[in-house]
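Presented as structure tokens, the chain that follows is alone, the form predicted alone.
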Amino acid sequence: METAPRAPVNDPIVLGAPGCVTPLGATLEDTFAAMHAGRCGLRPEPFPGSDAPVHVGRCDETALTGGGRRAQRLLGAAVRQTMSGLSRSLRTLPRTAWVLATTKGDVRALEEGRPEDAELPLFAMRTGVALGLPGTPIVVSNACVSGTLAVHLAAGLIRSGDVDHVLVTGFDEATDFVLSGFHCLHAIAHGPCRPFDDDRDGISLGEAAASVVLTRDPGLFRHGPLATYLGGGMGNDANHISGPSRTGEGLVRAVQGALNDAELPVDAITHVNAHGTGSVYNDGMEHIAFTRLGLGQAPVNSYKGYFGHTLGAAGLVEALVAVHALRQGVMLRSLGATRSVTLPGIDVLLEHRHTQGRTLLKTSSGFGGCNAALVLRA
């Protein structure tokens, strides 16, 4: 078994070797380039029971290499990018864990009448074996905060001394089951979603997979770290099974927890990548929370207008794109937002903007009143 000197416990936790597959690209770099060019990955398609098409972000099938079921191929495409970005193999490094963030897992198995194959622990175990991933998988399935929470959990495992390295993965597919659920809630936008726009009217769904490694050893990455983990937090307002708190209380507590963990004042945040689903209530809740927190100085955007809400993958995919963008010196516009005068007190990015700031606040919110936040330095 390959061994390496352990990093001192006071060394910072860093993220690196990102893997990413989205409706806009088969890598993180391709996805960012498409977003910077203003491309939208949402496409109209007919949906049973709807008199109008719905806009969905779907990954290119040619990017889903490898064998197995589509869910495994989607996740595997991101994981293989991460593995190729490492200087040593995670498969042989001791004290390594891996985390899977997802809301639905292989939900196609449920649609095909095989509910036992849709069980998340079973799917994670089979996927780990197929991809040669280390250890017993840890599954994080906490609605739409799963990807963000998985990064926070991974950092906690390293801080506690339980492990030295954690592979964090996240994915979800835009299947008929998922689409019908949101359609029944009357939550789907009439066109591509418009996060933080005055005329927003609902969400668009997408699919994606992402992968990254957290460690205290920057030498593990062939091309150096992507970002430094500064802190994380979570909060639950238990407001409603699907409706966000009208006061933003859970999100306020999650962000305060992340700032306290990072030992930073609120004015140290230079950019906020928000959950920003494009629904009236979610974006309104975030506006209230950000105003309460005094985040008016930090430009805010959402990426869901580019490729939709990718559910359990969203927090991880969006965090990786956001820190990559900051390393390029840019904050991307919140695609679909052209006017945000009904959201006073926050600086919604209506156009791309250059920046020298490097401190990101990533927030996520989900059903059941769950909220999570990360502070990362690009």
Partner chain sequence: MTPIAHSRLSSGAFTLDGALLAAPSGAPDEALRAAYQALAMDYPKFHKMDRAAKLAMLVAEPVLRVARDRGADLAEGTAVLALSRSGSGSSDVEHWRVRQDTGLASPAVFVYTLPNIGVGELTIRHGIHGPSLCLMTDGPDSAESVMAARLLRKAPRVRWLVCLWSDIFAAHFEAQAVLFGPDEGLTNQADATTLFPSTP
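This structure is a prediction, so every number in the text was calculated from the model and none was measured. Positions refer to the first chain, counted from 1.
Just so you know, the form predicted together with the partner chain exists too; it's not on screen, but the next bit is about it.
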Pick the stretch from 108 to 116, 84 to 92, 218 to 226, 284 to 292 whose residues have a heavy atom within 4.5 Å of the partner chain in the predicted complex. 108 to 116
Distance check, C370 to the partner chain in the predicted complex, heavy atom within 4.5 Å: yes
Quick one: does P48 come within 4.5 Å of the partner chain in the predicted complex, counting heavy atoms only? yes
Answer for L149 alone: is it within 4.5 Å of the partner chain in the predicted complex, judged on heavy atom distances? yes
Using 4.5 Å between non-hydrogen atoms, is G296 touching the partner chain in the predicted complex? no
Could you tell me which one of N301, T103, T169, T277 places a heavy atom within 4.5 Å of the partner chain in the predicted complex? T103
Pick from A262, A189, M234, A77: which has a non-hydrogen atom within 4.5 Å of the partner chain in the predicted complex? M234
Within 4.5 Å of the partner chain in the predicted complex: all of S141, L185 and S242, by heavy atom? yes
If you look in the predicted complex, which residues in 148 to 166 sit within 4.5 Å of the partner chain (heavy atoms)? L149, L153, G156, L157, S160, D162
